[in-house]
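Before any questions on binding or motion, here is one chain by itself as structure tokens, the form predicted on its own.
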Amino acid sequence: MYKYDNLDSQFLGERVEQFTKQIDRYKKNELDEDQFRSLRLRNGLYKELHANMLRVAIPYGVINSKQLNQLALIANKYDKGYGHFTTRQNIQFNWIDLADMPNILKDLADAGLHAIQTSGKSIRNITADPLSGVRTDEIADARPYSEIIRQWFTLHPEFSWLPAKFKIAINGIKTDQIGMKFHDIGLQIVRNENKELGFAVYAGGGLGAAAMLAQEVKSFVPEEDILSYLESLLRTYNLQGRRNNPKKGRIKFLVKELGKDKFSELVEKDWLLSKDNKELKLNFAKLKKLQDNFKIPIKPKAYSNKNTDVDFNFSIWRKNNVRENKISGYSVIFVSLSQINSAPGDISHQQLKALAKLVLKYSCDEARITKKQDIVLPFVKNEDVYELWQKLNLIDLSSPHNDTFAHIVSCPGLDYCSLAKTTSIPIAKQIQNRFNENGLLFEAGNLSLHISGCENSCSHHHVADIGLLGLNKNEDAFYQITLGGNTKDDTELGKRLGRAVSQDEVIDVVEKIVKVYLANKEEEESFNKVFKRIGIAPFKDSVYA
């Protein structure tokens, strides 16, 4: 993985010093609330219902044991003992005192972590497939390109004050594993007819109140030109985007308003003026160095499958949480943070510390964070899988619910968020308990359910098999339901089922939907395939009859 050098450390130190001075000026009333708001947001600090929330970036989801230990320290020392992994490969702390921020940022910097551009009208944490580098069907590893783009656009002077927040995702295999098309920019690594490596560029995606999928604006950009093309795309958006209407500031509204062809034409016109600028050409020496940093740190070994049938509970966990690695003799392990009756994505400081030791011992000191709020250990020897499961069991992280209906994705909702209209975590727990009790938890199979407490769609409910969106009607909680969303192979938006249902009804309604699916599925048929085959009518009839 990428390791910070002296220049990186110096940069983070200067940034901490700068924000510390800004906090001091705010406390002295030299900065008013509006002035300070834009500064704190660019350092990942939100004002929430009960306290400040700090969002820490985990670039393209890659993290090591030292960083996990430091997150544990922050959770224990400055928060209430836990953190919350998000759907965009970040971690959030929900009980932060402003006075502690300088020390927190110093502690993060000591481990090569930061909160820069995790909020505000800037380019956010760049996300990538958490299985980059270990998939058998990979075109190219997305992580080195993610790091180059992250460095290039961090505090970029031209793009530090965009019309709205801006999210980039990079995908390295043919199927969309990162929800690339619901980002402002999605980069698909491709090879052209001459087998040259480059990127197909998608622009104009985004969820929220007006969900839209990104459209392909350039079918092939050579890898050496990706920085210049991204600059032209961002420049076009920066100049043309709607700054006079905060609700229509995202690039998706600009692409829709202009039309894909006109938008592409404007970007192309700007790009032709800058693409030959040597300063904007991809530095292949730097890319090679990064690729060396990201090289798989192990060699293939003889296949071993030791202790595979020792324990029935282990066999269930192995079926749901262990995946093939392209390196023979190794497995990819999913550590699910969606356990029965727990808040999805939450992890205690004790678990973070214990997990850090396991990552160091069993996974070459590397873990990944997923868009489903889980942790991946990508380099585990097959003969160590059973022992690792035992160690995970001791710290209550051996949930066998990856790829089951218990694996619910949820935002913090009204428990913490000042924007939320309804709760999310309690609904997730109730659904897990209902399906655990009725025996349908594993029968439902790899069925995704995402819950958002407001239209901002932090849980990505639009692209789940079953999506729940919290609404407030006359101070009562309701949930709008969408069905048939997808990010497993491609990105599709779910279709609205009908009228919203009350909080008292929603658990029963989810059960009815799942039962319609189970009654109609053929063998191992997915929810998405059943939904396309039978349509929405049977689900409506069951829910609203």
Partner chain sequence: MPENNIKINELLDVENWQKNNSTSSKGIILNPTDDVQALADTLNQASLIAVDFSNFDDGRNYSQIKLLKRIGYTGKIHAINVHIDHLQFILRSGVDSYELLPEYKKYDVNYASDFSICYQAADNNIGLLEKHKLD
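Please read these numbers as outputs of a predicted model, since none were measured by experiment. Numbering follows the first chain given and starts at 1.
The form predicted together with its partner chain is left out here; the points below concern that form.
The closest heavy atom approach of L360 to its partner chain in the predicted bound form falls outside 4.5 Å. Within this chain, D5 lines the site of its partner chain in the predicted bound form, having a heavy atom no more than 4.5 Å away. Its partner chain is not shown here, but in the predicted bound form it comes within 4.5 Å of a heavy atom of E30.
The closest heavy atom approach of F159 to its partner chain in the predicted bound form falls within 4.5 Å. When contacts are defined as a non-hydrogen atom within 4.5 Å, all of Q18, Q151 and R235 contact its partner chain in the predicted bound form.
Residues within 4.5 angstroms of its partner chain in the predicted bound form, judged by any non-hydrogen atom, belong to 38-46 and to none of the other stretches in 497-505, 475-483, 38-46, 513-521. Taking a 4.5 Å heavy atom cutoff to its partner chain in the predicted bound form, the contact residue among K319, K260, K106, K286 is K286. Just one of L239, A302, A209, L394 comes within 4.5 Å of its partner chain in the predicted bound form, counting any heavy atom, and that one is L239.
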